[in-house]
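Encoded as structure tokens, the following chain is the form predicted alone, with no partner shown.
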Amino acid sequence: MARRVLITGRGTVNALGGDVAHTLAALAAGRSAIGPVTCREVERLRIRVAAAVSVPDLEAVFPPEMRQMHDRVSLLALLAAREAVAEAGLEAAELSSERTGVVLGTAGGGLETWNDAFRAVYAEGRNRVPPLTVPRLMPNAPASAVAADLGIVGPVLCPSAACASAAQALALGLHFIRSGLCDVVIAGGSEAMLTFAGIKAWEGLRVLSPDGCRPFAADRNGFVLGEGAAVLVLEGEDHARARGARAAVELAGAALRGQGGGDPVRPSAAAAGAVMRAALADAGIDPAGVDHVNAHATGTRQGDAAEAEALARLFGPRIGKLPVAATKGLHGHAIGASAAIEALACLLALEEGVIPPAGSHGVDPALGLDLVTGKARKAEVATCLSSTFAFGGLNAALVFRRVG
């Protein structure tokens, strides 16, 4: 029998709040964090809405030497990891064990550093950039920062898989523990793309909404770019019980699948369905045993339609009565961190029986989904399926289950 993997700690900083408590409260209230873009040269942007982290004030939390060493993406990761480890009650000796690891994903790495370096060289004509430019911008910077901050000497990895980065991190953490390589894995994702260059790049793909994210709505017109970090402490059940750790939810299964060709930015219903089936099989759960779905649901015309088709194929007629959450309508699309932020929404449903709404909009009747909108819904949820479909055809699905 596979080793059970419990979630013993949670941490986050995202547009909804600066910690887990405020994030869960915002999700339960259906409060949107989408607002005006405030980056430099915003007047040159066509898209001027985003979901930015406003609290805590990073300058107040981190001393100047830390802010000089780390890009915003790493500072956000540090905050989330510190909160998760504190909630888990992990001691220094446990963190420094070779059987404790970090798997922290990001799609873009230090985009703020990239943005500033290119501006300095090309726009301002400077011949030098700060000496710490490379260690700040490299994609592994958040994972490395967390490992150094916590004294981790075990395995440290950085999956960079576009929107699936955090989902890959959680899946790898699960398998590290199941295989016996680790007893504890600090896993999740971090992203900070809300720079002029970051938003301008996404504008080029024409997938951003100019007026708000409305997942699965008839008038959906794209997603809203967000930022943030979220981290879960994954722990082998035997290890957690031995040290008296409490856990209400387990990460019961995971799957990673490629799309096998086709358009790298066009989702495939068949590939989406395959990864969800694989995750359920990994967890030993039949589709009939799923109580709730947390959808990827970016709010794009094609993406949402393909995902709805995949869900209909997987669950059959039952999909019209299976509650679906789509929280990017509240916290935006934090790209490489989204799957970890959305995992917190899954935990809210499993632990408190509260399924957060997608927003105040309605649902496209052609999609046939029981989308939770308007206000949160109370429901008895024992098993939750959460999926992520990334550019480049890198798909992932996770299965969370309440610990009985």
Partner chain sequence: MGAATDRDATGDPALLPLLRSVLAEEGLVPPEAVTPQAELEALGLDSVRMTQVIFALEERLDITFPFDGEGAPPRTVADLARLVARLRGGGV
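Positions refer to the first chain, counted from 1. Keep in mind the model is a prediction, meaning the values are calculated, not measured.
The protein also exists as the form predicted in complex with its partner chain; that form is not presented, and the subsequent description refers to it.
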| message | Just to confirm the contact call: exactly one of 321-329, 111-119, 125-133, 250-258 touches its partner chain in the predicted complex at a 4.5 Å heavy atom cutoff, so which is it? | response | 125-133
| According to a 4.5 angstroms non-hydrogen atom cut-off, is I34 in contact with its partner chain in the predicted complex? | no
| message | At 4.5 Å between heavy atoms, is E65 in contact with its partner chain in the predicted complex? | response | yes
| field | Residue contact check: A28 to its partner chain in the predicted complex, 4.5 Å heavy atom | value | no
| task | Would you please decide whether V49 lies within 4.5 angstroms of its partner chain in the predicted complex, comparing each non-hydrogen atom pair? | result | no
| message | Exactly one residue in V363, V354, L58, M69 has a non-hydrogen atom within 4.5 Å of its partner chain in the predicted complex; which is it? | response | M69
| request: Go through 1-27 residue by residue and record those having a heavy atom within 4.5 Å of its partner chain in the predicted complex; state none if no residue qualifies. | output: none
